[in-house]
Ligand SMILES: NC(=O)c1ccc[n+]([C@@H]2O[C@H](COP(=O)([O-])OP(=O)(O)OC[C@H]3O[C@@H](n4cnc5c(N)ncnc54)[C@H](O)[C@@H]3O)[C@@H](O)[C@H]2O)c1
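Take a look at this one chain, the form predicted on its own, written out in structure tokens.
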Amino acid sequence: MAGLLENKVAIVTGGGSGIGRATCLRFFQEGAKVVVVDRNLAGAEETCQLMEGTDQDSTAMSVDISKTGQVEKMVSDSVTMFGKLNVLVNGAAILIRTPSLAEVDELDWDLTMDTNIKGLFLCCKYAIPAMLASQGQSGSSSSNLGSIVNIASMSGIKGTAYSVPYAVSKAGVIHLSKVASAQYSSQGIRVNSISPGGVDTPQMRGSTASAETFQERNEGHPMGRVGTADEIANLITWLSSDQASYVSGINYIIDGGAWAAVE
């Protein structure tokens, strides 16, 4: 039986760890050719090793998505290697813990926005023309040329006290996704975002600052635990597949019911 992403080519940024790595592994299992992108080349290469792929179906790239030239080359090299582009998952992001707004360092603000918003914008900017050019190729049709999944965060919906720039950038991801969907759904490119709650990843463990705080997040959750990267990858895979062919412009909350339980 063919996988959900058979004959599709996908770029996953932030693929060197966490949700990005889990997504790459799931995509590969579902038949996609996967371009694993991360600033940390060693992490991206490790993901490729875990996939047990070959040069014909996977590759690792070191890319700073805040740099126009690097993003443009990322897309062009991916198309050169695999012939087309069908899926983009924008998972690369940084989270810098900051004090209250008036004490936030301008450098921390700029670093966060350059990666989380500008970087995502650049990836969409260069991926969309490549997806449009895939019309008529294997696995593509004019009504379903491509899927873009942007990883936002519950911080972009409800805010977070420990990082002003991160919360604002993730709110921007949600809105950029809606605008892009409005502009490109009629051309066969679906754009959605997802907003995970707490997920057990290296980034989350780092942001909680201590093992005790992380355990409190587990104990205070309606399900008694935070999510796993694999659970988030399940949703990303579905949104990237033709099973979600009528879904665009939506932000999916995936937090195990935590937001619903807020009084």
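Numbering starts at 1 and runs along the sequence shown. Keep in mind that this is a model prediction, so the values were computed, not measured.
The form predicted together with this ligand exists for this protein as well; it is not shown, and the discussion that follows is about that form.
The contact with this ligand in the predicted complex, taken as any heavy atom within 4.5 Å, belongs to Ala92 out of Ile117, Ala92, Ala180, Ala167.
Contact with this ligand in the predicted complex, judged by any heavy atom within 4.5 Å, is made by just one of Ala130, Leu145, Ile151, Leu122: Ile151.
Highlighted residues Cys24, Gly31 and Thr237: none comes within 4.5 Å of this ligand in the predicted complex, counting any heavy atom.
Residue contact with this ligand in the predicted complex: Val199 places a heavy atom within 4.5 Å of it. Looking at Asp64, you'd find a heavy atom of it within 4.5 angstroms of this ligand in the predicted complex. Interface residue remark: Asn251 is not counted as part of the site for this ligand in the predicted complex, having no heavy atom within 4.5 Å. Contact annotation: Ile19 falls within 4.5 Å of this ligand in the predicted complex, judged by heavy atom distances.
With this ligand omitted here, the record of contacts in the predicted complex names 152-160 of 152-160, 181-189, 76-84, 97-105, defined by a heavy atom within 4.5 Å. In the predicted complex, the residues of 27-48 lying within 4.5 Å of this ligand by at least one heavy atom are, in order, Asp38, Arg39, Asn40.
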